[in-house]
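Only one chain is given next, in structure tokens, and it is the form predicted on its own.
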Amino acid sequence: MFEVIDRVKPGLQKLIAALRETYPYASVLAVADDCRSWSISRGGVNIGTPRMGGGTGYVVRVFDGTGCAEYSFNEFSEEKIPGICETLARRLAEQGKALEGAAPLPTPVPADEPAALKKETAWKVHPRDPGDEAIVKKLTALREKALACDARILDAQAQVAYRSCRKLFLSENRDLDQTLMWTTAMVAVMANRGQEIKMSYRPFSVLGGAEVLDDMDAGVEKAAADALELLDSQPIAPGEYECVCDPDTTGMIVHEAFGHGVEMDMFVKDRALAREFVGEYVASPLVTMHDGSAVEQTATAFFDDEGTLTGDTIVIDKGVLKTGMCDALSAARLGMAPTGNGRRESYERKAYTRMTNTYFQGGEFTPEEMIASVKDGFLLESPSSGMEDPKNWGIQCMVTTAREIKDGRLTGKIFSPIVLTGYVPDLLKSVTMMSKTPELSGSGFCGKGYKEWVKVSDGGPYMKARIRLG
């Protein structure tokens, strides 16, 4: 399936050479994509090939020193090179005409330092190797295991999905080739008592293949137990509490409370308050925030969709905001180096600054020590969704479960659902404890506003802070 990249590469190199006769910079991104998903629930079995990665195709980009133009297509041959060149020239001319009388944003030509690599991520079992029948049989057994836990279990759903893709990035001085595979899975359990229905959800993710199925067995009974516990949950009294966040909830705070606010294309547009706080304390000295491929999860890549090599970006260093995350065009306009965060939903879509693997660094405590330090508060678990406001640094997130803590002990009382709100610096400056080991989850996607979905992972350690709940 991915051999198409090898077949077209010589022609794409000729395309770059042809474009460089006219433009100071030209690049092409080629993507070959393979996706598949399997799920089972009361509604039956569903096997599909969703475009989780956007399909197979190409996007060409040129800079002329004044503007930038792109053109995407899903078929390529050397005979198409003249037509591609004509299309890009026309688009640049149309841009110039549209901007007559207006001052355009500066569009510097990107740096094109020499780089070459060919890498792939590791996997133990390719998801296509077991075959549809074996995967459906495994998911069926997981579902039946959940249903057998209690008569109050109304339904259970089990699902697994993967994406494998090969990406080739070419410019005059760059030849970058990567093959990536991630696999995600989930178990959702629905329990009822009379007219009351509660649902719990356990996600699983790996930078790898079908080996993630082995992790699901232990999660089934936990998902069933969580759903049954929620039947006895109560509404929470609104207020500000001492909270210990589990790694998933910490990850949601990382992503929503601070991640979007330091995507630096928002700096260019003056839509992020973080731009005014670079170099200042925005969090407790216990908080250090990373983004990039220093850890392995579903958003790991060796280079981004603009040909920038990835690495480890330290966004917050011991409470001080050091930098944001940046795509190549925004970096050029801000006069800084790109951080490897230029990502496209697909070859048909624009590159935006997007998070990858985003997390808080660990500390020195154990979760048990953190719970023991709380006099009156909650252990927050199982986040479900969140919203952020980079312009004003406000957040609103949903958490499924708050477990009551009194005098350093869990009482067994459950509160749900929980709305977590606040002003980001206030929340992060209140952090007083972090557990030793960060954990990341990569089961979800992230949109830019309401669209442009890409794979992300986030997480961190257990984190203690004062948080407004309602």
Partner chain sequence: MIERIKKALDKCGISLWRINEMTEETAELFFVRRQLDTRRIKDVHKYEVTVFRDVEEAGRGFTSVQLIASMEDGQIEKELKDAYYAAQFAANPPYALADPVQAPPVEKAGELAQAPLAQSAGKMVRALFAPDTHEDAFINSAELFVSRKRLRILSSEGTDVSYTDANVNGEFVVQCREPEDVEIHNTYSYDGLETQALSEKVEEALTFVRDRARAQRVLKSGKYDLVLSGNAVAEVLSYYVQRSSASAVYAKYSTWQQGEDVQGGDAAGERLDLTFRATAPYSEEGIPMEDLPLLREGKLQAYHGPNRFCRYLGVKPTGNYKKLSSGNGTVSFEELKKGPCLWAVTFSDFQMDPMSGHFGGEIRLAYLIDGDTVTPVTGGSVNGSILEAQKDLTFSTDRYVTSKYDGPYAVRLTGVSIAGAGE
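Residue numbers count along the first chain shown, from 1. As the structure is a computational prediction, the values presented were derived from the model and not from experiment. Only the largest set of C-alpha atoms that superpose within 1.5 Å between the two forms is called the rigid core.
Another form exists, predicted in complex with the partner chain; not displayed. Remarks below refer to it.
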### Message
Against the partner chain in the predicted complex, would T121 count as a contact residue? Criterion: heavy atoms within 4.5 Å.
### Response
no
### Query
Could you tell me if R42 has a non-hydrogen atom within 4.5 Å of the partner chain in the predicted complex?
yes
### Task
Would you check, heavy atoms only and a 4.5 Å threshold, whether R91 touches the partner chain in the predicted complex?
yes
### Query
Are any of the heavy atoms in T432 no more than 4.5 Å from a heavy atom of the partner chain in the predicted complex?
no
### Task
Name the single residue among F169, Y241, Y352, F365 that comes within 4.5 Å of the partner chain in the predicted complex, judging by heavy atoms.
Y352
### Contacting member of T179, S72, S373, S284, with respect to the partner chain in the predicted complex [4.5 Å, heavy atom]
S72
### Query
in the predicted complex, which of 108 to 116, 241 to 249, 386 to 394, 307 to 315 comes within 4.5 Å of the partner chain (heavy atoms)?
386 to 394
## Note on the structure
When the partner chain is considered in the predicted complex, the residues of 333 to 365 having a heavy atom within 4.5 Å of it are R333, R344, Y347, E348, R349, K350, Y352
### Task
Taking the rigid core as the superposition reference, indicate whether the CA of R193 shifts 2 angstroms or more between the shown form and the other one.
yes
### Message
Following rigid core alignment, is the displacement of the P285 C-alpha between the shown form and the other one equal to or greater than 2 angstroms?
### Response
no
### Message
Relative to the superposed rigid core, does C446 relocate between the shown form and the other one - that is, does its Cα move 2 Å or more?
### Response
no
